[in-house]
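Just the one chain here, laid out as structure tokens, in the form predicted on its own.
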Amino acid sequence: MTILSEDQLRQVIEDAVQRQPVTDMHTHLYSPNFGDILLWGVDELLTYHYLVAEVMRWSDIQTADFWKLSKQEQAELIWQKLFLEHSPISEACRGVLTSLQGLGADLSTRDLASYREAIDQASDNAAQVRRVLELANVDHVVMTNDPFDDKERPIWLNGTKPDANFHAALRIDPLLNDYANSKHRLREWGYDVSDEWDDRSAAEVTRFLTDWIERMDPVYMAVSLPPTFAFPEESDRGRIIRDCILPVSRKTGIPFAMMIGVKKRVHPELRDAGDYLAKASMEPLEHLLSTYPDNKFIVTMLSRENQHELAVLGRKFRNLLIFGCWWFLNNPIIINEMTRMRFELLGLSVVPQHSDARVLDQLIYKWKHSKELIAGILFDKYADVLRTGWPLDAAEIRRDVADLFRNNFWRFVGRENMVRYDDEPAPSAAL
């Protein structure tokens, strides 16, 4: 054991964090062989829904007219308003700049056309994926895979399997949040669900889940839930969770991931940019954790006001894995606050961040920005320990960092073969 001094500590932590490959446990990305549903490139970066919402604060264009523009025209409007007419200091704008910089763009030129020419010329999805994963130091990506999505569903039905570095997550929002409509699609696909919820309906929804688990091999089942989420509840959602999701999750060992607190479409004309948030009750999660101890739950919440309660629940129930700074919380000041609180309450037993990336190139900025913040927080926490007289060793710090950015997730989802430290070989082939 080589005992570190406080002067050595910061460099050891920064080096460990920067070198550590990441398992990005929640994204909206896709394996490169899934075709054009994988988004990447300059115009996709600029038309991300965060920036669509932001440009509406500066532009007098009508929302309906904005959507009539081509993708390139939308990107040019956003570039003009948010980057040229005003300084790009928001986290969403800074993220675009960090991504462009990472991809080799000379930002001093402010020349959007040259960035397109230089960056958007990758030969294919696979080439761009290899490039971005290397730049972001991400070696495994968990997708969001929705069997109700008309673009994605045929890919799976055709037998396409994701590349080794991409892993499925079975997304079930339509099933839980819009069963009144989804049950008609289930019937079209050969699942004999009734108009009223009964044993046959429960069996058929269970069969649907089982079929897609077999097809996708997901690491978890996931849903985004409103702040009004209640459980137990005699509703479509409550009954499906009780009679189908929880039994399937328990039987297969596949955790149920809940992202709680989003209010959809408070400004419908903005589409994906029109969502909002609100504080949620913690009682449904408390009930699930205590009543179903043999089930595993992966949870993040959207309201800042829920974070302390969530962390305290994590102290009580080991069947809960808390992860990431989701959506509107993915801002440096809040990441800093939330991550410090979690470390102080839960130690190193969390997953501090995920990217939630919808555009491949966002991995560059999401992980660069987050790693810088997390390294600073870890320095403060380790320095506090060091000052008590407890010795710290560089190898122990590298172990802890590997757990935070990779192994805590894989252990929780039961994939022990994916647990790896820096002196061990990768468990799956690189792209």
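Owing to the predicted nature of the structure, the values given are computational and were not obtained by experimental measurement. Each residue number is its position in the shown sequence, starting from 1.
Only in words, not in the display: the form predicted in complex with a small molecule, which the text now covers.
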property	result
In the predicted complex, the residue from Ile119, Met259, Leu345, Met282 that sits within 4.5 Å of the small molecule by heavy atoms	Met259
Tyr48, Trp367, Tyr30, Phe405 - the one with a heavy atom within 4.5 Å of the small molecule in the predicted complex	Tyr48
Any non-hydrogen atom of Ser224 within 4.5 angstroms of the small molecule in the predicted complex	yes
is_contact(Trp326, the small molecule) in the predicted complex, heavy atom dist at most 4.5 Å	yes
Touches the small molecule in the predicted complex: Arg200 (any heavy atom, 4.5 Å)	no
Any non-hydrogen atom of Glu309 within 4.5 angstroms of the small molecule in the predicted complex	no
Heavy atom of each of Arg171, Lys264 and Arg358 within 4.5 Å of the small molecule in the predicted complex	yes
Among 326 to 334, 245 to 253, 190 to 198, 74 to 82, the region lying within 4.5 Å of the small molecule in the predicted complex by heavy atom distance	326 to 334
